[in-house]
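Given next, in structure tokens, is a single chain: the form predicted alone.
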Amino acid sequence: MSVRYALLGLLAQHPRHGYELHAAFEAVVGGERIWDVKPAQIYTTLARLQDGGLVSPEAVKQDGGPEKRIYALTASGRTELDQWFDSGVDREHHRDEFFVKLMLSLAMPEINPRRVIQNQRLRLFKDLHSQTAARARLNPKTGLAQILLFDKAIMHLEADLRWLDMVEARLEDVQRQPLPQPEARPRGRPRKPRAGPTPA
């Protein structure tokens, strides 16, 4: 999720200043251990939203302190937020760092791809234990939304573990196949098209 839409959604509830937005964002996602967004990113995103006409700031004087900027959603911001709610969310299933690591290990004789798989399996089991323990600490009567988020993370980890089993079972078949190579492209500048006959 882009942080921009989270901020638009929070401002749709009521106007807030940057510090309030940061605290509200952390509360929604379940804390910084789930999604660590620095205050600087909040303010940078707010500046971009303001430049795009999606939020408008208002300076409010504070007793004995500098002015505080309160941000409110504009009509354009509400339109963009509604469009976000009306659309699905893309998942980057194919942008996978482990897959890149595995493919590189297949091209390097000194690296054992089975060890790479085993190391990833150990990491996933560690993450699974951590997520399961965190889920167990939540009270279903007050933290059901966060429990459902942990359930999703746990199910993804379990799916990744099953996928690793599939990869390991078929690793020899993969090793027998050529590794992907870039398409050959002609070097140099493209030729200029020949000028055709001048029409009479």
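None of these values were measured; they are calculated from a predicted model. Start at 1 and count along the sequence shown; that's the residue number.
There is also a form predicted in complex with another copy of the chain; it is not shown, and the following applies to it.
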Contact with another copy of the chain in the model of the complex, heavy atom within 4.5 Å, among 40, 144, 47, 60 goes to 144
With the partner left out of view, is residue 166 within 4.5 angstroms of another copy of the chain in the model of the complex by any non-hydrogen atom? yes
Taking 4.5 angstroms as the cut-off for heavy atoms, does residue 135 touch another copy of the chain in the model of the complex? yes
Taking 4.5 angstroms as the cut-off for heavy atoms, does residue 80 touch another copy of the chain in the model of the complex? no
Taking another copy of the chain as it sits in the model of the complex, is residue 76 in contact with it (heavy atom to heavy atom, 4.5 Å or less)? no
For 100 to 132: residues with a non-hydrogen atom within 4.5 angstroms of another copy of the chain in the model of the complex? 100, 101, 102, 103, 104, 105, 106, 107, 108, 110, 111, 115, 116, 119, 120, 123, 127, 131
